[in-house]
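So this first bit is one chain, no partners, the form predicted on its own, shown in structure tokens.
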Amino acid sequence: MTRLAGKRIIVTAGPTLEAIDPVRFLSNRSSGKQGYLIAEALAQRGADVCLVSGPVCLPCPFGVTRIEVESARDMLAAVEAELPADVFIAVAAVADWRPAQARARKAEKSALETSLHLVENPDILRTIATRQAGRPDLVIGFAAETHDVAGRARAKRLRKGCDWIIANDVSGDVMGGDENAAWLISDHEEIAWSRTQKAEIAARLAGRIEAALCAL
């Protein structure tokens, strides 16, 4: 399958890691599996895929260019450096907050109990979706929710300004597991994908992207 030949796609995957000091950090449970499988499925269809990945224990998919990053700010800088692109897919579970200042030396436990000041990380999806120049033709976000999954994803799509959003319920074993259930939500349709292998979710999404780009 090479219908995506000539199309450049940027995918983010995995968690971000926000340093507290040289030993400790803030992060989340994302394994990166779904994002890596999406990158692989798109590359199999002939796309030029750049995978901007947070820290994970996964091999780079065949035919994919991987850029390894650590923090949310690193990830945003890497994505912007790889533009222009036809599609941007924000699969990564980016940490919402980071310590205002990472300590140069390991902090005493007592100091962290009383003085861990957090600041908000850049919103990568919204930054790319609302670009005035060089915005990808198709911007896709992911919503990892534990309740009111579709409703919260609809609101997130409007808030972020992306074209599609993929909602998934992560209240069970989705983060780190091999299966997922998802909803593809756009401004004119909602498609529910029942629980199946993450590779199948990736293939279905790649097929929808292929159809959308071929229609442009």
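Numbers for residues come from their place in the sequence shown, where the first is 1. Only a predicted model underlies this, so the values are computations on that prediction, with no experimental measurement involved.
There is also a form predicted together with a small molecule; it is not shown, and the following applies to it.
Item checked: Interface segment, criterion being heavy atoms within 4.5 Å of the small molecule in the predicted bound form, picked from 185 to 193, 62 to 70, 41 to 49, 144 to 152 -> The contacting stretch is 144 to 152.
Note to self: If we define contact as a non-hydrogen atom of the residue within 4.5 angstroms of the partner, is R29 a contact of the small molecule in the predicted bound form?
What the structure shows: No - in the predicted bound form, heavy atoms of R29 and the small molecule never come within 4.5 Å of each other.
Item checked: D96 within 4.5 Å of the small molecule in the predicted bound form, heavy atoms -> Result yes; D96 sits at the interface with the small molecule in the predicted bound form.
Item checked: 4.5 angstroms heavy atom contact with the small molecule in the predicted bound form for D123 -> D123: yes, in contact with the small molecule in the predicted bound form.
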